[in-house]
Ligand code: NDP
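Next up: a single chain in structure tokens, the form predicted alone.
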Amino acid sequence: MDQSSRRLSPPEAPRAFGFFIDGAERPAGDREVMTRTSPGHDVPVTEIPQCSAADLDHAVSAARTAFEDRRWSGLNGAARAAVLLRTGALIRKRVDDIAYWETLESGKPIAQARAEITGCADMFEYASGLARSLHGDAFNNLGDGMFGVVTREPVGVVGIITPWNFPFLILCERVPYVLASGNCIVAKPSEFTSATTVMLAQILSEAGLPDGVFNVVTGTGPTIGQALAEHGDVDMLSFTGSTRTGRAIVAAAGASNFKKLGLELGGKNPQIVFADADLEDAADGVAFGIAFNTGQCCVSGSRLIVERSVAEKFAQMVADKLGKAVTGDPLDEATQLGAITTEAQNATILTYIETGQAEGATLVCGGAALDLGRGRYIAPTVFSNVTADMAIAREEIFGPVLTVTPFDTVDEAIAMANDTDYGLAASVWTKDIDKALMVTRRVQAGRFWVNTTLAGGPELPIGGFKQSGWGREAGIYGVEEYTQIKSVHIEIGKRNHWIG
């Protein structure tokens, strides 16, 4: 049944999920089980096994065996593409079911979850073409005695650690591209939002992915995440999360086998608005940029840098927009802002709001938790008169909190945008194409939007500058990221002997 056609409710009892190794979902057995309570409803919704280091070793061994016997990497691109296409079709068939469990565990609005998961099907379909088009290079300019070939080969066993804010989306920004290049995977989802990662394992198996190529080990970061980062038989690790944890991942990888790393870390992303912008469009975009996923988004546009002549007016326009946004039950189709995913993050956001007021910023709107009878909710919050030395201007809040700082010149706006340790994303709003191009070129960010925000698709890569991470995901760049380059020199004809 199409769940979007009826009012949804939490389950009467939590659903038990297992973990997934070597083509089979395995029950918790005698392992500890974490019961996940819906952040929007305060009722238990899922039960997830807390795996051990031995379980992780088993998963890595299964992935290594699958890689070494070439059951996946040895297939031609057409065969891998067929599995990815079937996966995309199965995701489309199960969008409502995946979105339901994603919403229950994460607290994001059901309409948003459904749109994200539909986009994930796009990623598998797009990556199927990349599986067929991935290629190396040839050098026919080495003289008559030598021919050169450059090949791209899969890295091997890839670990993927995903966060709780976009459990399925971030996973699918990686998995199809990792698989397209012939690798095998061990995935570790957040312990708070593990269900849909296990569901993807089920779908991949049904689509014909060979056993052992995609494995899921559930559990905590200190137990499973750390062990995955340190594991000597994991060739590459993709981690999405905080910059602080990213540093620990780098240390763990270096202390083990110098595994290759892909890191998408924190962001403190600017939205630059010029007076010549369509201010109505910009106000809606800025509100969307801070409120999407309840602000729990690494590319959230959390710093509004606005031309002084319109700064006060524009801040109020954004506040008015946010005041009309619907905050409520994540399972309600009308909801635009859902619940705060974890208790710890809820406390962090409220602490930053208190800090902003103590630092002397002016509270324009919001600034408090919302009592909706159940669940964790925070009103979208806007601070004006924010200076660069304030914690709310410099530190990633990861919640629906927007800071407003005015500027006078283009150079000043660019300097403000770059005055951060991060460089994940940025937006500019202007009708002057010269200005737009100048800002786009000079602001340090891996993703950039002009007169829009948080837009994209599977074709363009994602990733950050500075302390926002290493490497790129998605697009052809995301496939190439998970390959090693090999140079092959082929001598033609009789060798000129070194020893006479």
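Remember, predicted model here, so these are calculated numbers, not experimental data. One-based numbering along the sequence shown.
Below, we turn to the form predicted in complex with the named molecule, even though it does not appear here.
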- Heavy atoms, 4.5 Å, the named molecule in the predicted bound form: which of 162 to 170, 205 to 213, 254 to 262, 103 to 111 makes the cut? Say which one. 162 to 170
- So which of Thr362, Thr151, Gln316, Ser242 reaches within 4.5 angstroms of the named molecule in the predicted bound form, heavy atom to heavy atom? Ser242
- Note on the structure: in the predicted bound form, the residue from Phe383, Trp72, Phe398, Tyr377 with a non-hydrogen atom within 4.5 Å of the named molecule is Phe398
- Does the named molecule come within 4.5 Å of a heavy atom in each of Gly219, Ile249 and Gln345 in the predicted bound form? yes
- Message: I'd like to know whether Pro189 contacts the named molecule in the predicted bound form, with contact meaning heavy atoms within 4.5 angstroms.
- Response: yes
- Query: Using 4.5 Å between non-hydrogen atoms, is Asn418 touching the named molecule in the predicted bound form?
  - Reply: no
- Look up in the predicted bound form whether Ala195 has a non-hydrogen atom within 4.5 angstroms of the named molecule, and give yes or no. no
- May I ask you to state whether Gln226 is within 4.5 Å of the named molecule in the predicted bound form, using heavy atom distances? yes
- Counting only non-hydrogen atoms and a 4.5 Å cut-off, give the residues of 15 to 44 close to the named molecule in the predicted bound form. none
